[in-house]
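Quick heads-up: it's one chain on its own, the form predicted on its own, in structure tokens.
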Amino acid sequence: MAGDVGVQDYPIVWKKNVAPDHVELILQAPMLARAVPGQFVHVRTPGTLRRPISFSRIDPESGQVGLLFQVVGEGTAWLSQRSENSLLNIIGPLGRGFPPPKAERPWCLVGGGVGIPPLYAALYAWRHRVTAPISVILGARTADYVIMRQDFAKLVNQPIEVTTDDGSLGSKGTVLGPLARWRSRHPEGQVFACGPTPMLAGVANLLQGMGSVYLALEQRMGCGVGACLACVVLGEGENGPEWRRVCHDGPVFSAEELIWR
């Protein structure tokens, strides 16, 4: 975990609607800007539980971070209505992020839906350290929900591959088709992926035995610090299967650490 975890109020300095029911907030938060891509914050909203949101941007130079989320309930609806200069009460940075990619190995970032933002944070942080080709594959239900595509395009020198369920943008289908073709060209590569659990299970199965495959899980959380055991997933332990806390042991795991059922 990078830096010290703290509870603090941070101001919103910029707000943007990036897709239907998807909002990105930019915060002036120097303490959070020391986070590792793949980590997350717990944001206070009205009601009992905070909302976990991954970093979409981390910029240590400006001290700003981005939080991009989908409006799915009362908490995120309240967040989407916050205006610039409003303060958000945040615990973070939390969890385990991605490891830095290996410089000499081809790198592929695979994002689905609202799992796309933490991959952009990883690309922004580490694009200059990777000397091998960098590929990006983004998937969503329809063209309207392919978020941050132009942001990725500014940082890589080859086309972004897009898949949509209905074929309204890019190729029709899931990210697994382009990913299979990428693996056939780069069997020695490394993959970072984030998205819905079925997508991550497909990525793990497709790339089984490849190594250097890291998955950022999306999971409902209670406390966000590993105490309540509300976000556990099954992993490989020294003596057999054991439960892993997504908020504390993850949300980023090596694909080999997890058991998919």
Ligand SMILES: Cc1cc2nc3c(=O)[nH]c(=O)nc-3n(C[C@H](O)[C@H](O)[C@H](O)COP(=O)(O)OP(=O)(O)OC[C@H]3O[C@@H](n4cnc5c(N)ncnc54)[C@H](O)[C@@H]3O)c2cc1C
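From 1 onward, residues are counted along the sequence shown. Quantities reported herein were computed from a predicted structural model and do not represent experimental measurements.
From this point on, the text means the form predicted together with this ligand, which you will not see here.
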Point to revise | Residue contact check: Val72 to this ligand in the model of the complex, 4.5 Å heavy atom | key: yes
Exercise for review: Could you confirm whether Leu217 comes within 4.5 Å of this ligand in the model of the complex, counting heavy atoms only?
Suggested key: yes
Review point. Applying a 4.5 Å heavy atom distance criterion, does Gln190 contact this ligand in the model of the complex?
Key: no
Practice item. Would you check, heavy atoms only and a 4.5 Å threshold, whether Val114 touches this ligand in the model of the complex? Key: yes
Check your understanding: Of the listed stretches (204-212, 28-36, 217-225, 57-65), which one has a non-hydrogen atom within 4.5 Å of this ligand in the model of the complex?
Key -> 217-225
Check your understanding: Does anything in 49-63 come within 4.5 Å of this ligand in the model of the complex by heavy atoms, and if so which residues, in order?
Key -> Leu49, Arg50, Arg51, Pro52, Ile53, Ser54
